[in-house]
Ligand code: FAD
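The chain below stands alone and is given as structure tokens, in the form predicted on its own.
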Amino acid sequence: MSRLWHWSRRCSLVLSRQNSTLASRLNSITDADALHFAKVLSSPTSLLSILPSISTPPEELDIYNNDWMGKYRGKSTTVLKPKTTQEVSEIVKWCNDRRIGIVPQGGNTGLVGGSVPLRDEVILSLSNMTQVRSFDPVSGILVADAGCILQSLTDYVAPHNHIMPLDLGAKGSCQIGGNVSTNAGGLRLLRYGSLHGSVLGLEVVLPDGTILDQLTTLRKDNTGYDLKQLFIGAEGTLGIITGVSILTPPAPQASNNVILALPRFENVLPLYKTVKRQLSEILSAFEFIDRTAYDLAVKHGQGRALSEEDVEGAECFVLVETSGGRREHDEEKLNNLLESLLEADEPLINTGVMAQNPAQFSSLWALREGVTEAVSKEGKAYKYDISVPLSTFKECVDLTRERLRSKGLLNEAQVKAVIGYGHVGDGNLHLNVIAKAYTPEIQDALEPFVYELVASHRGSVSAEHGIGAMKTHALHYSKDETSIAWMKKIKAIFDPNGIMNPGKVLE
């Protein structure tokens, strides 16, 4: 029996204990329930179930029951794919009356097990809700179904000279409803802020089936409690987002980027201050990649931004992007920045390469965005998405590596590499531990060590990926007892029967 099976078994046992009191109050779906859903849904292809009344081949449910990393595995017998908000409402009302747990699912690209069931809850996929409801090219306000893929929305607004305010590596698969539900951050947060600011309104199906219509397109609305904020980042535990109104910024008329090789990590902070001062309003991204992450991306074909000579002696790299209104102005600023950095008495960088055409611009970004794919090709990843002070990025990576070395786990047969990369502009470090397989020994060495390390810096155990099933036990490292108590009260008010994404966010 393989070690991976033991790990999966152990993980399943841990997850099944989460919220056990609540789970015992939920019911499994029956044939009668499945037949009722068949009447509610407008298309026969909108219902997948291995129950006798439907008899879908079990393998067709695998992509819904398993997360893309292969770390979390659910046992749902039924997947529902409604096409309208009304269908979602009728499904949720039935499940609430029958005490059937529901797991809302978007593109299932999350990293914390938030979109797969812990037991046999019904999976409600938003993938059939893909309509753009309206777009105002003057204000840039887009209203769309929750199941619209982020890349599709990007392509939709592009001819109108607008862009989406967020950009993610998973943009070809993730859905806007899931982005909002998890308060996804991504590569544009430095320039355009979080979804708490760019989302103007939401349409949400509440746990009793009521449709909460807050799908406003108003920039200013100061009329009482801003209820939509409760659902941004709630991970489907308070209701199911079915529609999103979002402000899309004007597309920059000129974009460029440059990759910088640094001799030591200690130069990142003064470099960031220098770049902010010199580039000012056109700075749109400042991304950090440590040497191990860079080498891994190159190894797995994500591009080679610098020559071997350029990377020699580099401890880490920074990718800087600019977005402005006039190419000549922006290029002049970038060139002046590079000259001042290279000609300084004590240079902060070894070298730098600026994109000279759109292809080079894309290739530099491909290197940074390709780190995630490179990690998945290298092995099984333990991903820690944390917020800590910028000055501690390297310390967090180094201490984690030393922790694993002290436990005798840092070798090709167990942990192959520990890497760090992330968004310097918002203090978000992606700490990845790449293993040959998921094992209890590695898990025990990492947790609660990593969370205690984050807490020692008054950081956050989840910067942008959410809590999901992975971090419910670690929430107290970032939230005090009073905060967690009030989160539980809010959950009880919205979802007294506990049917919405049970076992996620809160224990």
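Throughout, we count residues from 1 along the sequence that is shown. Please read these numbers as outputs of a predicted model, since none were measured by experiment.
Here the subject shifts to the form predicted in complex with this ligand, a form of this protein not shown in this document.
Chemist: Considering this ligand in the predicted complex, find the one stretch among 77 to 85, 183 to 191, 433 to 441, 326 to 334 with heavy atoms no farther than 4.5 Å from it.
Modeler: Only one stretch qualifies here: 183 to 191.
Chemist: Using heavy atoms only and a 4.5 Å cut-off, decide whether all three of Gly106, Ala170 and Glu464 touch this ligand in the predicted complex.
Modeler: Yes, each of Gly106, Ala170 and Glu464 comes within 4.5 Å of this ligand in the predicted complex.
Chemist: Report whether the minimum heavy atom distance between Glu378 and this ligand in the predicted complex is within 4.5 Å.
Modeler: No, Glu378 stays farther than 4.5 Å from this ligand in the predicted complex.
Chemist: Taking heavy atoms and a 4.5 Å cut-off, does Asn350 contact this ligand in the predicted complex?
Modeler: Contact check for Asn350: no, nothing within 4.5 Å of this ligand in the predicted complex.
Chemist: Is Val298 near this ligand? Define near as a heavy atom within 4.5 Å, in the predicted complex.
Modeler: Although this ligand is absent here, Val298 would stay clear of it in the predicted complex, with no heavy atoms inside 4.5 Å.
Chemist: Is there a heavy atom of Ser245 no more than 4.5 Å from a heavy atom of this ligand in the predicted complex?
Modeler: Contact with this ligand, no.
Chemist: Leu409, Ile141, Cys174, Ile100: which sits within 4.5 Å of this ligand in the predicted complex by any heavy atom?
Modeler: Contact with this ligand in the predicted complex is made by Cys174 alone.
Chemist: So which residues in 473 to 507, when you check this ligand in the predicted complex, have a heavy atom no farther than 4.5 Å from it?
Modeler: Contacting residue: only Asn501.
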